[in-house]
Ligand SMILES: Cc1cc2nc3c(=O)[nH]c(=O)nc-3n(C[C@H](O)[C@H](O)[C@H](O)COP(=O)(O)OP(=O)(O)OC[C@H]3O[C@@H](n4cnc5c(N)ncnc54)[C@H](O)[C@@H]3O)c2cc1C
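Below you will find one chain, with nothing else, as structure tokens; this is the form predicted on its own, and questions on how it binds or moves follow later.
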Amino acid sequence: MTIDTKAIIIGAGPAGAGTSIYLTKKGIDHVIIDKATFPRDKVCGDACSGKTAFVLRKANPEWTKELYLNEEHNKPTHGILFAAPNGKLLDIPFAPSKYEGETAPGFVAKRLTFDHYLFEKLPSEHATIFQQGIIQDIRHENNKVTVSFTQNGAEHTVTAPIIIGADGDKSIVRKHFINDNISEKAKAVALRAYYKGITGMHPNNHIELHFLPEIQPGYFWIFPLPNGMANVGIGMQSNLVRSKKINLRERMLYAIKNNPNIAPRFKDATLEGKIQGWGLPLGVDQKTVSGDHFMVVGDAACLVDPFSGEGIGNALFSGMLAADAIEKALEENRFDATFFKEHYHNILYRRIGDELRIGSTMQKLCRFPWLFNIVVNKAEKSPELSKTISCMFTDLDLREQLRKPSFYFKILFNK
């Protein structure tokens, strides 16, 4: 089979799905190729921020309502529990969602079900979808991109003026067009496990970030899921794991068994399945995300928040922006690097660049446990400081305060 279309998307996860959904809204024909068959699992923390809800709501307001109504698969979360290395807890509620039918600003959902939910929204007269598609070759010539792939032994070729790499941190599109290696400082490694029966979960389903002494300079999380389940994990920068020869699995299990604030909660909990690991391409600096006849989105563009580790929202958001750029490119018949830098790269980093830089700075603060202890101790007694921290996950202006030395000076000296 040979297909000539307007755009080729490699990968049907949140980044590829976001691109496809918005191309369909614009009436632009495209082909999606994914190596897996949906539903398929994706190792992840499973937390979906307000940005995820924003992109889906903009595509179709009924979709977010469906997600929040489906309590069997999605757990609305109303805040975050922030635990300092000394064990002090800071309970941070989020502002209620102001949108009808959305019971919380964000939610937690297993990627097995959430990605499949998105995938089921893709079929349309404008989207041709191939599952189990194994890429054999990508060629860029004569102002066209040609992708050759096999599906169940059959050979296919698809040609378009633009290709979108939505195929994760090991993106073959990124490798083919950019051929750069992501530096170790821009990577993190994480482990994820599913536990059932953890006690002490927050009544309003707050997600939990624990900066435990035995896991410094990384963090441990507990994210609530439906049916008494929770996503439990640990994350740390790859270069630190290697240089300090840290065994993340051992650190994680040690904390679960021995940490005085964690262990009692896991006394009767059971591990469901295996502990699995994956890499996170962090957005610690601007990367090349476009060029002649190509763009990369989501993890392929290294857009994971360096502090929270959340990447689903940025994946969907970058896909939405990529679809906007494709629409303009087709209108003007421009597919060169200069055009996509202006209409995708620059817009993407103008929208989320400050957020990623702040996250990178806050990530570095994880290396100073004493500073985290002071901030949390003070916040317990200061409503103003508590409000500042509560908004740092939703308000960029307030998150910016945490980058400034003057913020910590005021805390240290009660100014």
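Predicted model only: the values in this text are computed from it and were never measured. We number the residues from 1 along the sequence you see.
Below, we refer to the form predicted together with the named molecule, which is not included among the displayed structures.
Each of Arg40, Ala166 and Leu280 comes within 4.5 Å of the named molecule in the predicted complex, counting any heavy atom. A heavy atom within 4.5 Å of the named molecule in the predicted complex is found for one listed residue only; from Ile246, Ala263, Ile275, Ile172, this is Ile172. Scanning Ala323, Ala190, Ile162, Ala230 against the named molecule in the predicted complex with a 4.5 Å heavy atom cut-off leaves one residue, Ala190. Of the heavy atoms in Phe335, none are within 4.5 Å of the named molecule in the predicted complex.
Under a 4.5 angstroms non-hydrogen atom cutoff, the named molecule in the predicted complex lacks Pro85 among its neighbouring residues. Shown alone here, Ala12 lies within 4.5 Å of the named molecule in the predicted complex, counting heavy atoms only.
Using a 4.5 angstroms threshold between heavy atoms, His293 stays clear of the named molecule in the predicted complex. Residue heavy atoms within 4.5 Å of the named molecule in the predicted complex occur in exactly one stretch of 70-78, 217-225, 255-263, 89-97, and that stretch is 217-225.
Using a 4.5 Å cut-off on any heavy atom, the residues of 22-60 that reach the named molecule in the predicted complex are, in sequence order, Ile33, Asp34, Lys35, Ala36, Phe38, Arg40, Lys42, Val43, Cys44, Gly45, Asp46, Ala47.
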